[in-house]
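One chain follows as structure tokens, the form predicted alone.
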Amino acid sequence: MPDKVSIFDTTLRDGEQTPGISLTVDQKLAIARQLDKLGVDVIEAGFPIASKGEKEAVKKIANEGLSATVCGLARVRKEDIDACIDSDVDMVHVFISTSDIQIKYTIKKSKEEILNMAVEAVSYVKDHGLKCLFSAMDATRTDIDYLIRIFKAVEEAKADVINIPDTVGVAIPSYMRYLTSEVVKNVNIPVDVHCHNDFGLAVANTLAAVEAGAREVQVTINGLGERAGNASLEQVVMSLHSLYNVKTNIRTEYLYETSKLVERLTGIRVMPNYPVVGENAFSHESGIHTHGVVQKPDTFEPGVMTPEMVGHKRRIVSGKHAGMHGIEAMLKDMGYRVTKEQLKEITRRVKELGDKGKRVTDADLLAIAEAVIGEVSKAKKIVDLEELAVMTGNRVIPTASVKIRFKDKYLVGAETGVGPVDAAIRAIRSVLKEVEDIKLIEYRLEAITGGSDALAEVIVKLEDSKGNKATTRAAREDIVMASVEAMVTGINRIFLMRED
């Protein structure tokens, strides 16, 4: 097993072959610069013969003055290789099919002819003073004896690197390890692997090849590529660094930054639970997990890979599985200090929201916390809502009836309004008029999250006859209840001011 592995990035070639992706010249150049900043050893910039724009992009990248080796792809045809040479690349990656099925249905030539074509292509590249990487396409379905024979032939033709592609992603790790070891035993130049992810084994197969002696790996940012994609650069690199103690030239602190750039330019979103760079890669919701992570991150994280190592951030997430330790840690990060009773109530409301199938965002938590913190404690409440009933409909005038406890007596009443919220607010003001005429100076409603079941934050500003003012808020999925809670909290504050 090598002490160090070279990283051959093919995001701009195989990655761009992801269905739905088509990058402009400027976008490819921006990604190439970022890959160079990341520290990849080889950038496969594209397939110059494919189009005028592709050739222009490869040439611009080749002349950008990057530290990485810039490579162009070519079939074993002189016109393809010439297009790479004209693009000023440092290396040409030539390939030809070697499996029986692809020879029969695509190449339609004898194995001897294919071997000669491969040798001639490698020799042509070397005659022009460029590095050459040779790929035996569909190597994992190729007869091993023939595969080794063709690899030895291109080695004699002075190929710099040979590549074992699992073109259709059918290898399993044990076979990839065996095949790579057989090739490594029979050639003296570096062996490279290119694994596809059709069965979700691309990263495992790549690592198995390294175990068998492969010294270079072909990968893409975010695992982009044909069909189900290629081996993910982020996962392969962090596995090599953290699990195998194998070095690369990758500056891992730029992994997350690079992933987000590629995500934005390609339009292909990374799954939240994607390893290393996904939004949930270092996120915790479960109360047991968050309690441990708050005390010591290694309790429920790998330890050998931290968010800081990849330029990511650790997040404690609120939801129905959240515990008080996690909620408290999140609130502290937001600058809030709460009492035990407030923390219990905030956690209860978060779980209640999560039980309804809603994703509880940071904004939701903030709104809930501010509402709870702003509430008057039960011991100090002068006014409390006992009952509320609202009736509305297309042929019914919105009507609200309320029962409110004021100190030691109950006030009951009903009012109509232009809508259920208006009716409820009017009803509360109406029953309290015998005590105090509370005016609603300002009413503001904000939907914290999208959707018809969004958490609504209501902010009200109230004033009594003596000029005492109070601004309060409440957050609920039910807009009527949020409005009523904000009103009741504000009224309590005004009465407490008067008593003080």
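In this text the structure is predicted, and so the values were computed from the model without any measurement. Residue numbers run from 1 along the displayed sequence.
The same protein also exists as the form predicted in complex with a small molecule; that form is not shown, yet it is the one meant from here on.
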item	value
Partner-facing stretch of 390-398, 403-411, 78-86, 157-165, counted where any non-hydrogen atom is within 4.5 angstroms of the small molecule in the predicted bound form	157-165
Contact assignment for the small molecule in the predicted bound form, among Ser232, Asn197, Thr142, Ser135, heavy atom within 4.5 Å	Ser135
Interface residue in the predicted bound form among Tyr336, Tyr256, Phe95, Tyr146, criterion: non-hydrogen atom within 4.5 angstroms of the small molecule	Phe95
Partner proximity in the predicted bound form: Leu73 to the small molecule, non-hydrogen atom cutoff 4.5 Å	yes
In the predicted bound form, Glu16 touching the small molecule (heavy atom, 4.5 Å)	no
